[in-house]
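As structure tokens, one chain now follows by itself in the form predicted on its own.
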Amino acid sequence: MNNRELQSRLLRAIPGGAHTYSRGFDQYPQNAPAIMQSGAGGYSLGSDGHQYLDFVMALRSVNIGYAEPVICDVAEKYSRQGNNLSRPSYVELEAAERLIDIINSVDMVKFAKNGSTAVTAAVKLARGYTGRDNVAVCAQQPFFSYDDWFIGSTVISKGIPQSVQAQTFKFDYNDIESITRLFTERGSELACLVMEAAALEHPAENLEGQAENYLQLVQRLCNQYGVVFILDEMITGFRWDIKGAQHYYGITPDLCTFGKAMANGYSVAAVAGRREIMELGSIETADQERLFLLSSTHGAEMSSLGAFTATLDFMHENPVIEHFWSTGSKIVNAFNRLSAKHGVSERFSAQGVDCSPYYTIVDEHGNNDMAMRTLFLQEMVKQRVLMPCIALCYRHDEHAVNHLEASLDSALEVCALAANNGIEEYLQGPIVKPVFRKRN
């Protein structure tokens, strides 16, 4: 069955054709496989029968490698013990205690199955703790939850009451004036501030002659105004440092959320943090007014929590974090060297934090060039590489990096020709689109 037929079946059965919008057909060039069959290490097998070097890694949720045997073995062991029991399991307790031991800011943890649920639970805790309704989010960090409190602040606000939209405010990353103005104007109204420690760049250092970095400034303002500081570590957790980006940057959030890489692709997420806030969702204090935090039938799934503990073991036994930093640096250098070689460095560049780099493709005016991005993705697919982003795994070895460099060389050569001769001659199929857009 060809791509068009598979895509048609997907769209008939699933709204958007996938269960995450960033997996949608509008994010990939026409020649990309519509369906993936399997994955192993840093590669995945497409419906077209071709093996692809994978730099998506299940939206960054696989940090060791697809189907890592030792992790799969532990997950299978727990699935054969019943997988989901009627009372708490031993592995549920072990997983909670191990997260508490690893992350310095965490006294208690509640597990869930996806990041959106965990971050929304953190917002609910903050609202219950402070008695306030409003939320601040970082404008440059594109996704925190599919729930109304966040999606209402994006351009895709259809179906969300205006009253809900009005409760979320934005600030700019690494912008002292922006964060200071927000707290001066709204600090006493904010229940919480939600942000990632870093996404496209490190936090700025030595702000206005102070010893603190940007994140430490945010933490200080939150403390000053009684705002709950929520650090979303869905992407940064278990990539920047095994103790999280909070440890790497020297901050202590009130609440933090984890997911994605914590279980090498198995479905585990967590909301965690200070006891006095987390225990609002508890039940043992007589006559305390209850906050209904999370009640997830599958949150205690043994196979997934076992995969989390196995992933932790693997990361303690292998230089996973060091590999992310060194491999990311190699890829950034190779990308920029090859874009310069082909004379397109003004339009194609890689940058960011080395353990989680990114690339940009812009037009002659510096604006995102979606047509050229489509061509680049198309040419990378021809080289059997999937790279709408740069998500690293431990199994991206030297061979994989060499494969990537050769593919970049070929793709950027075509993009350089298109920049000079006109893209229409080279581009096949529709142009990819941003996930967050007002209309289809």
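Here the structure is a predicted model, which means the values were calculated and not measured. All residue numbers are counted from 1 along the displayed sequence.
Below, we turn to the form predicted in complex with a small molecule, even though it does not appear here.
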With the partner removed from view, which of 109-117, 123-131, 283-291, 318-326 is the stretch that lies within 4.5 Å of the small molecule in the model of the complex, judged by heavy atom distances?
-> 109-117
Would you please decide whether Y248 lies within 4.5 angstroms of the small molecule in the model of the complex, comparing each non-hydrogen atom pair?
-> no
In the model of the complex, Y358 touching the small molecule (heavy atom, 4.5 Å) | no
R239: touches the small molecule in the model of the complex, heavy atom cutoff 4.5 angstroms | no
Does A191 reach the small molecule in the model of the complex if we count a contact as any heavy atom within 4.5 Å?
-> no
At 4.5 angstroms, heavy atoms only, are Y43, E68 and H396 all close to the small molecule in the model of the complex?
-> no
Single option in I103, L338, A95, M234 placed near the small molecule in the model of the complex, where near means a heavy atom within 4.5 Å = M234
Since exactly one of F143, F169, Y225, F314 fits, which has a heavy atom within 4.5 Å of the small molecule in the model of the complex?
-> F143
